[in-house]
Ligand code: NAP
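The data below hold one chain only, encoded as structure tokens and taken in the form predicted on its own.
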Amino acid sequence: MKVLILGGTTEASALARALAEREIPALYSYAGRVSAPKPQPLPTRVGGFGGVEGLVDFLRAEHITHLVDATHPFAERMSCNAVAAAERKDTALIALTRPPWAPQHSDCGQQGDDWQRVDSIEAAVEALAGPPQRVLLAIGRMHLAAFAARPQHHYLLRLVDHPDTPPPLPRHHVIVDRGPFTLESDLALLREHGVERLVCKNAGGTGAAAKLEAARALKLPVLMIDRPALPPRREAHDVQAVMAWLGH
């Protein structure tokens, strides 16, 4: 047995620790989008594979028997490539993914969520038509340019790394920080910057959920971008389930 983890998430790191503790042969792969990736207890590579063919070649060269897609829920291309490569190479595949967030409804006097759900970045940009607002744009750095089409807003950007070039948004402020975040810190962030609306991807998990709790507490509307549709695949939501699948 030899396992390849397509990583970059908290769940991927937890799986890497579990495999290392049990001395199961495994490799860890980062996409290379973060300047200082978290060290892993497994041999690690950084960078793309070169599409489906490149991944098939890597699986063959490294004698990979089990492939675990533990990438971000919005890493659509990598996840699609993983499904295609696993089928072509006849490699066992499982996705270690977080359950998506769901809106909390008001109950017994408790404040519920005010979500507007959209299915893409483009739809989120369209939904921001209207008068100027102060917006927490918590979507990472890859799609910031799309929001230049709504220049009337002031955007608060929380990023893992400093951007190589200034975002093409006429009104913005960048905060460089890495989760997990707390309710207290996100409440302070939203209040300090006078945020009136939150825009985020439905990444799921606990590390970035504090902003939704803070928005709920402050009664702020949330523009939630739903996950992309992916090909059918086996999925697990915790490390124990993946270890059971591996037979350990």
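This is a predicted model, so every value here is computed, not measured. The numbering used is simple: start at 1 and walk along the sequence shown.
Although not depicted, the form predicted in complex with the ligand is the subject of the following passage.
- Message: Only one of these stretches, 124-132, 165-173, 89-97, 76-84, has heavy atoms within 4.5 Å of the ligand in the model of the complex; which one is it?
- Response: This holds for exactly one stretch, 76-84.
Worksheet item: For residue 60, is any heavy atom within 4.5 Å of the ligand in the model of the complex, or not?
Response: Residue 60: no contact with the ligand in the model of the complex.
ask   = Going by a heavy atom distance of 4.5 Å, is residue 187 a contact of the ligand in the model of the complex?
value = Taking the distances in the model of the complex, the answer for residue 187 is no, it never comes within 4.5 Å of the ligand.
The ligand contact at residue 31 in the model of the complex, heavy atom, 4.5 Å: Residue 31: contacts the ligand in the model of the complex.
**Prompt:** Does at least one non-hydrogen atom of residue 45 fall within 4.5 angstroms of the ligand in the model of the complex?
**Reply:** Contact with the ligand, yes.
- May I ask you to list the residues of 139-170 that have any heavy atom within 4.5 angstroms of the ligand in the model of the complex, in sequence order? Going through 139-170 in order - heavy atoms within 4.5 Å of the ligand in the model of the complex - there is one hit, 142.
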